[in-house]
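Before any questions on binding or motion, here is one chain by itself as structure tokens, the form predicted alone.
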């Protein structure tokens, strides 16, 4: 390392967020950036610890110490090249990855890890700004054709890797624009969609064909894909939302979180939305059920739409603040996470189970919740009702409860693939499904997970498909 002692006298410095008073009136990215000199200083804090736990914790196996050192030395081009060796889209992960690498950084023992995620976004921005990231089309073509169904991070990573190996790749996307949940599920205040657009332009220049507004298995028969391609990669994500069914669930005003977030992004992009189905939180009492990132995104979106009040509830207990002995370093910690959206105005409540929705004229007006306790019985936690109830005002309720498995109707049913016991596409170690020449990757294969893991699985399925195609005679 260029300066192995920098961590002893250079403190961790985060870019921070734009002021709340400013950012809640627009959907611009909330996170700010540091200047290059500050960023170089932050990269210098990588301490040459000997065992890179950051590398171990990253699903992509990013080489953190190497590219941190290159940034510190001002070698931005070399730094971004090392980053791209393992990660197709560091500009995505640098914005929306929860950074397991930082949680396992040795300096996290003192709660001051290297700002790896911010550095990742910064080096990619410099690389785009100065023309360091250019299309890399293959020099030769194999003549083999691969269909990638789904254009989220797994599908895009698989497509780029396969294309660079010389295969002809066509990506099918059911929505109007490419990007999957990165485009339609993640708010612009976390990921500006221009970041996706410039990558799509790069992939198109490399020779990848994108076909949008095509839902394979619905508007285009899966049989046509099977007949026209040498391999098919299923990368449709995990789109079947988890639901709850208390009394009153049928009332209007109760929506799945992704329905709300997708619609908000569509409006920003200028897509037409049926006015009868518009979901707007302005002047409404909003309750978000689910304490994860998707719930947090609902909070931030409702803030920007001018909600009267926002309450986010979670059935599990409040996690510890700071450190949790149950999840020690270098493992990912289960601790209280406060997002930028939470800081904008939100009441958070834990250990609450939704018992009933009540309403008037067919529309939800309240929900009745009950406090629960979690008791450890022989190593298994069981939920025990306490009888203590509370009534919350609710003109809008968003269910942010995660996803169960990929949507089975349509493509997966038509192809006849087998499912595992969780309802995901069952695959072997080479990412092959039960149907010949059909592979699966990303959330469709393992269930809802991180963008960084989706990219890793997309890269793996590309290797598996390439191996299959090059061994066929």
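Small disclaimer: the values here were computed from a predicted structure and weren't measured. Residue numbers count along the first chain shown, from 1.
What comes next is about the form predicted together with a small molecule, which does not appear here.
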Partner absent here, but in the predicted complex, which of 46-54, 439-447, 64-72, 28-36 has residues with a heavy atom within 4.5 Å of the small molecule? 439-447
Please determine whether each residue of 173, 185 and 215 possesses a non-hydrogen atom within 4.5 angstroms of the small molecule in the predicted complex. yes
Would you classify residue 120 as touching the small molecule in the predicted complex, given a 4.5 Å non-hydrogen atom cut-off? no
Applying a 4.5 Å heavy atom distance criterion, does residue 403 contact the small molecule in the predicted complex? yes
So in the predicted complex, does residue 152 come within 4.5 Å of the small molecule, heavy atom to heavy atom? yes
Look up in the predicted complex whether residue 190 has a non-hydrogen atom within 4.5 angstroms of the small molecule, and give yes or no. yes
Contact with the small molecule in the predicted complex, heavy atom within 4.5 Å, among 180, 90, 300, 79 goes to 180
